[in-house]
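In the block that follows, a single chain appears as structure tokens, in the form predicted alone.
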């Protein structure tokens, strides 16, 4: 990492290590509270939400690598706040909009929490949304529904993918707007989800992008989401390994710590090797995206496939090496597995990424 990236990592790690308590996280989730306003204000004050915003729009103008540093820490500390969701939406959907100045200041300041709403049902995702944006006498109207909105209970605004005559459109819509009906539900990774039905009036400045720019934004959003979900998976897998290594040093069996058994050493060494291979690929995907290279689409999908596969394998190994304690809600290692499992299907699943990788590599 560069000196600036190291400073970003160290400062962010220090805040989360000192302020983000696992047991307090569990208590919040049990009450159905997925975002702590105090943490979100701190994220804004530290400039995290401004990372991908261009300097011309009063942001920090940093790249995918810096966002991935935060995403990796999100996985390490099991952050329930929708940080990677907002970073991806800000970078790919709001910043390129002609109405960016209307919205960015409020998002970067922490007043608005914007997450993308693209899923409508199994296999429908972003390919052919039935949600429509139509012009009416009074202006515009958004109609349709979205399902499984990740981190939906934390959102103040949804950025909805809809169809218009010229193709796709991205529409920013307040959660509490008239004609928006939402139903929240708990998710196994502790972030919550939402199903929403829309039949609401839309103003011109709520239409972020339409036509070809909207399609380009969708492609950019998906690729950034692949990279950031891979980075968060990497952080969670690495933390699961660290927790396992520490546990095997303390757990005594047959008069010796588990870490002294060669077979277990080999398993943990293999976990580390796979994590480091994943790290290299995730960083390569970040560099390709920041360099706008011809291989950036291929690297983003390769990182998603590798991180999902390794994350699942490492977290399962971690649970096995812990034994029964890993299956309890009070112990952290099982929560890494749950978050990694949820990340596997966020925006683009491992299976989708593999098919697309083969297509762009052919």
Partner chain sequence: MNASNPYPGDYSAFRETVREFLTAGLTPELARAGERTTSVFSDFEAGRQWQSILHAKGWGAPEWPLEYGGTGWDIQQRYIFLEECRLANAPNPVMMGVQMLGPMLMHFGTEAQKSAYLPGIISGDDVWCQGYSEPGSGSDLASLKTTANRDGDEYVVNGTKIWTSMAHYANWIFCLVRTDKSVKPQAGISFLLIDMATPGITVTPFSSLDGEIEQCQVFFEDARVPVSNLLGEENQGWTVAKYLLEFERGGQHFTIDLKKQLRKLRRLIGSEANAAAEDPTFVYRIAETEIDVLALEQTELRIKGTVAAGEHPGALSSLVKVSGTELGQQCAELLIEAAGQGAMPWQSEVLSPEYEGPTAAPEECVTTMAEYINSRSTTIYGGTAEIQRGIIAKHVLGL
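Quick caveat, the model's predicted, so the values are computed rather than measured. Residue numbers count along the first chain shown, from 1.
The form predicted together with the partner chain is left out here; the points below concern that form.
Residues of just one listed stretch (304-312, 330-338, 46-54, 33-41) have heavy atoms within 4.5 Å of the partner chain in the predicted bound form: 304-312. For residue 112, no non-hydrogen atom is located within 4.5 Å of the partner chain in the predicted bound form, even though that partner is not displayed. In the predicted bound form, residue 360 stays away from the partner chain, with no heavy atom inside 4.5 Å. Taking non-hydrogen atoms only, residue 279 approaches the partner chain to within 4.5 angstroms in the predicted bound form. Contact annotation: residue 287 falls within 4.5 Å of the partner chain in the predicted bound form, judged by heavy atom distances. Using a 4.5 Å cut-off to the partner chain in the predicted bound form, each of 249, 350 and 355 places a heavy atom inside that distance. When you look in the predicted bound form, the only residue of 195, 156, 200, 259 with a non-hydrogen atom within 4.5 Å of the partner chain is 259. 270 is the sole member of 253, 205, 270, 130 with a non-hydrogen atom lying within 4.5 angstroms of the partner chain in the predicted bound form.
Contacts of stretch 64-81 with the partner chain in the predicted bound form, defined by any heavy atom lying within 4.5 Å, are made by 65 alone.
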